[in-house]
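Shown next as structure tokens: one chain only, the form predicted on its own.
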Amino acid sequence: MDFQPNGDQQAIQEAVEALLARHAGAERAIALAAKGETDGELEAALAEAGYRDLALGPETGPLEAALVVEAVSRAAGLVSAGASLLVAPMLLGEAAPGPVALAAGDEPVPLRFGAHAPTLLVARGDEAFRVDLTPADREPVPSNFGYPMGRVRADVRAKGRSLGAGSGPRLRAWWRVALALEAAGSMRAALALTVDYVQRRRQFGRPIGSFQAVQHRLAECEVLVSGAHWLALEAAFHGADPERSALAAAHALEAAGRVFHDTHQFTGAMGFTLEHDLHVHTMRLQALRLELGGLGSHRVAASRARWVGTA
């Protein structure tokens, strides 16, 4: 894998960032989250621009789709970018109408985008299942995670069309790649907001960002976020190899805990208020850390992939 985007990848990144500048942002996410809605306008714009087809394109693939997923997360887009742009195409062999919700097993726990998704992908053991949902199949769940959450009826989740033997591990692997990408994007945005804040916030007659202890901790966060970015892209480049996917998710979601702590400590109570955009990104990190069994599950999957040969 090259560490510099080629010309086409650079063009894709510039184009999606221009689109997100018009259709995303923390202020927009706050307004939509207050109403418990997803961003249908952004969803439509991404589909119209062809980003749902990137993962399976003749001259593009999952790496290009991964770049877009991370960009959407970094811009606080309130769409199921990881599931819609990467997981669903790689699992189904075609784009699926968004938002797309992901579930592991049949327990009716709240799901990201579960109250709005027409498409649900469920991992059960060695198989994955596609479930087409109607409004009667799902209900919203109040949440402070920054994502619209919802439950899908247990009897509905237990149905669906099997995607074949081996599809369960593939769903979990691509899901882990998506989690790592979305976490990397949210962490990058949170860190940028915090660096900007400590450069402006003055204490003892100088910006708090000028203190070496603050600089050291922010530098450590930068290393963690960069690692999450590259591990996620490597996993996408290698087609969601089980070990690489699990390691990417484990690193990104462990880093998310550190970034959450440090960015909020350096911004103080401001980071949790609506006057500051930080919470838009950091509360999403908390939701991502819970999915697919959480950090421990990703670590176990990495160990199994390395030593047993299956995740």
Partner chain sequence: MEFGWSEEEERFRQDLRAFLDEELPPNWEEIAAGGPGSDEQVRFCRSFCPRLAERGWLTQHWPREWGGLDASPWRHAILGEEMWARGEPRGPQYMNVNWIGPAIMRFGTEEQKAELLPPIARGEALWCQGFSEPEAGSDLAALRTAAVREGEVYRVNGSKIWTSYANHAERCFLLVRTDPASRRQRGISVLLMPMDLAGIEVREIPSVVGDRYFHEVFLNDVEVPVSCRLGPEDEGWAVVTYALQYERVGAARYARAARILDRLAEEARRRGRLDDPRLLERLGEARAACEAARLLTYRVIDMRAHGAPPSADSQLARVAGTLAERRVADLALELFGPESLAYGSPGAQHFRAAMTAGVAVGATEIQLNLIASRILGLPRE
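Everything numeric here is computed off the predicted structure, so don't read it as measured data. Residue numbers count along the first chain shown, from 1.
As for the form predicted in complex with its partner chain, it is not shown, yet the points below apply to it.
In plain terms, the part of the chain that comes close to its partner chain in the predicted bound form, with a heavy atom within 4.5 Å, is 206-214 out of 97-105, 206-214, 81-89, 160-168.
The putative spot formed by A31, L121 and P140 is not touched by its partner chain in the predicted bound form; no residue has a non-hydrogen atom within 4.5 angstroms of it. Contact check for R299: a non-hydrogen atom falls within 4.5 Å of its partner chain in the predicted bound form.
Using a 4.5 angstroms threshold between heavy atoms, Q199 counts as touching its partner chain in the predicted bound form. Contact check for E243: a non-hydrogen atom falls within 4.5 Å of its partner chain in the predicted bound form.
Its partner chain in the predicted bound form is not approached by A55, whose heavy atoms all lie more than 4.5 angstroms from it. Here is the short version: of L285, L42, L278, L247, the single residue with a heavy atom within 4.5 Å of its partner chain in the predicted bound form is L247.
Contacts with its partner chain in the predicted bound form, taken as any heavy atom within 4.5 Å, map within 209-238 to G209, S210, F211, Q212, Q215, H216, L218, A219, E220, E222, V223, L224, S226, G227, W230, L231, L233, E234, F237, H238.
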